[in-house]
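Okay, here we've got a single chain as structure tokens, the form predicted on its own, with questions on binding and movement later.
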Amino acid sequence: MSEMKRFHSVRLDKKLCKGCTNCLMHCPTEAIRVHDGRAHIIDERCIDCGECIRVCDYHAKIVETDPLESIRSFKYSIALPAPSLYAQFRNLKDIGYVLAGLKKIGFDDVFEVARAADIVSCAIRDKLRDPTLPRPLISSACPTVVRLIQVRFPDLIPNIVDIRQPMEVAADIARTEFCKKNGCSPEEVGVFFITPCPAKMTAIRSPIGQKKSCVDGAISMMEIYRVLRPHVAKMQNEEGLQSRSTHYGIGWAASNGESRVVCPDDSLSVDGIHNCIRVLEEIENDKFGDLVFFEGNACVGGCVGGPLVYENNYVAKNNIRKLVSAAKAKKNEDPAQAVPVSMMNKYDLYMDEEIRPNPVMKLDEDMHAAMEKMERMNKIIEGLPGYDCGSCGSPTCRAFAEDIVRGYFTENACIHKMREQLKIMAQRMVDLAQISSYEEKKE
């Protein structure tokens, strides 16, 4: 699917939008404009990070995910719980309760994404042994960060590790093992990810680095939590399913969870999309010469801070810390020995499609035309006040100048420029009135 026509999980409810500038000023890729009293999302720039959802006071930004009822479209259904799902439950004694609860609400089987994270961790460590690869290698786990790089930092695309997301690896293994065990065909099995963020939904419909996703749908973690919570509460004195993941995989739910197992000494973990932008700018400018691995999380706190979670991200991060400690106490494995070699060779862990830049920042495909537009844009910027107030409907004066060059707006949309023009016109009217009065007195 073309990047220019890809699916977006973040949508605008036009009836609820009041035309304020909250989303406009917080969008990391300047994908939002406000005109005619309503926000508009520029498809090519949107990376489905969900920042607009967080800051919209009118709840006009919504997320399109699959409803729980969609699992009935298949003869069999498998749940892929992200590790951040466990963090939604306070004082959870055993992850197995959540796994068993998912089967009670209608899934035929459950496969832990944390288990796939263990496998992906091993694959990344193998990659890091190759001295010919660029440094730092950049995690591909967060689809929002990958799309951010496509839009704003295309020169860093070669640094993105070409290993599939744990969600995709989990889906591939889950379907294969279920079909082998139950003697059914892959087409009969629907695999659904329990997602903490809209970006995963987008990554399923418009995959990054692979031609087709192995996942059939994504169900909001908040929706699942509401249905799942009563079952988990009842099971506190029962026996749950046996978790097959390590404490390393569970730790992927929070920021630094991936780096801690992949490259604990020479890595950098950053959470929050705007923080990621600042660090990626420095990586692009070669300010981290000794950095080996970069883990970027679009959400504050990591996946536990996604827009579709129930629990407060700081509480959730603490919940994960407790679960990791408990799992470590039960079985403190060496990460290098946690995954059998046979598992590493059995499934395809690598991307099958090249990640390409999304050149939405280009003013024109023709270099000569682009240079002319850039020159015009710079002249327009010189004449703007530089307040970056957003009142024109663009997030910054620079973006406004770009929108003028692209033909979206005229300079009259700037209220400050309009005010200057009105002052000039008012002064001219005063001058004309004085001249007229002087002429009358002469007569």
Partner chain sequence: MSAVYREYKVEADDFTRAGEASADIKRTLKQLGVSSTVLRRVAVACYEVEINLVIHSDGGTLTLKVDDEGVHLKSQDVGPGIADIDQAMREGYSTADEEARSLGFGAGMGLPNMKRNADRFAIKSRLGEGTTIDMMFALA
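Residue numbers count along the first chain shown, from 1. Given the structure is predicted, the values throughout are model-derived calculations rather than measurements.
What comes next is about the form predicted together with its partner chain, which is not displayed.
Site residues E382, S391 and A426 are none of them in contact with its partner chain in the predicted complex, judged by any heavy atom within 4.5 Å. In the predicted complex, no heavy atom of P230 sits within 4.5 Å of its partner chain. Among heavy atoms of I283, some come within 4.5 Å of its partner chain in the predicted complex. By the criterion of a heavy atom within 4.5 Å, F153 is counted among the residues contacting its partner chain in the predicted complex. Its partner chain in the predicted complex comes within 4.5 Å of a heavy atom belonging to H368. Stretch 145-153 is the contacting one of 261-269, 119-127, 145-153, 99-107, since its residues have non-hydrogen atoms within 4.5 Å of its partner chain in the predicted complex.
Between the options M374, I42, M418, I62, the residue in contact with its partner chain in the predicted complex by a heavy atom within 4.5 angstroms is M374. A single residue from the set L363, C184, V315, M344 has any heavy atom within 4.5 angstroms of its partner chain in the predicted complex; that residue is L363. In the predicted complex, its partner chain lies beyond 4.5 angstroms of every heavy atom of every residue of 73-103.
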